[in-house]
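Before any questions on binding or motion, here is one chain by itself as structure tokens, the form predicted on its own.
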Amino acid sequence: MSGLLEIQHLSKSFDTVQVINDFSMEVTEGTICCLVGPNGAGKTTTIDLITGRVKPTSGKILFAGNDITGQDEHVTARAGIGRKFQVPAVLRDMTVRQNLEVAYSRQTNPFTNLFTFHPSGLKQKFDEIATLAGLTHRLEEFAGNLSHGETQWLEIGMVLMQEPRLLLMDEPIAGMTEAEIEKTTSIFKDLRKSATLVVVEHDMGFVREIADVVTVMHMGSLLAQGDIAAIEADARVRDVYLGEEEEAA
């Protein structure tokens, strides 16, 4: 069975610098794939290529069987690909409720969205996402007053309001407290029930908790792919990314 997302021999160069080099990956629907590797391995660039933020030099990207290679960001978003950036992009002068309502609309002007009649499905979707994100008690709070973790959860909620089939998450727990990471782990496990995720992450403890499949990149290429046990046992991965602490112990 083919994957929901298929990346085939993808390459990207910026001038003379090869950032992605013949990279291939397949993501099965209903799974969480964690994309890991050293700084500069090409993880975020890969996400940029999937969404159309940058265009590939060569290769192909298939989503749900359709070729989306080089499509613009608004096209991939409408196709069902949602993205959360490392730095949350929320409307800080609006409430949590208003941020979620704006995200649900397909209109491009957020102020138009606030005064537009909302479809009947909004309330049910809104209640589901607010509960999942743990923000039901903060709905009337301005987004600018939220903690770092709450802001991350709000942006996850905003992406989910768009009902994506595939979610791309770039370092979602960066800067979180231990308690916030624990709650985020729970949120991600719930997300698996209704969406497919590709998560760029450095925290291997978090990866161990959520990943069905771990894909390791090195110098723009695929180094290894498998479950967490296989990845941690791979000598190549220990050498270039995880280190050799196990052997030294």
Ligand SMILES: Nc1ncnc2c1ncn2[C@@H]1O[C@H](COP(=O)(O)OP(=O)(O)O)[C@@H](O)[C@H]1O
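Note that the coordinates shown come from a computational prediction; the quantities given were computed from them, not determined experimentally. Heads up: residue numbers just count along the shown sequence, starting at 1.
Omitted here: the form predicted in complex with the ligand. The next part is about that form.
Contact check for Gln86: a heavy atom falls within 4.5 Å of the ligand in the model of the complex. By the criterion of a heavy atom within 4.5 Å, Ala41 is counted among the residues contacting the ligand in the model of the complex. Not displayed here, the ligand is approached by Val19 to within 4.5 Å at the level of heavy atoms in the model of the complex. Proximity of Thr51 to the ligand in the model of the complex falls outside the 4.5 Å heavy atom cutoff.
Of the candidate stretches 179-187, 62-70, 23-31, 43-51, only 43-51 has residues whose heavy atoms lie within 4.5 Å of the ligand in the model of the complex.
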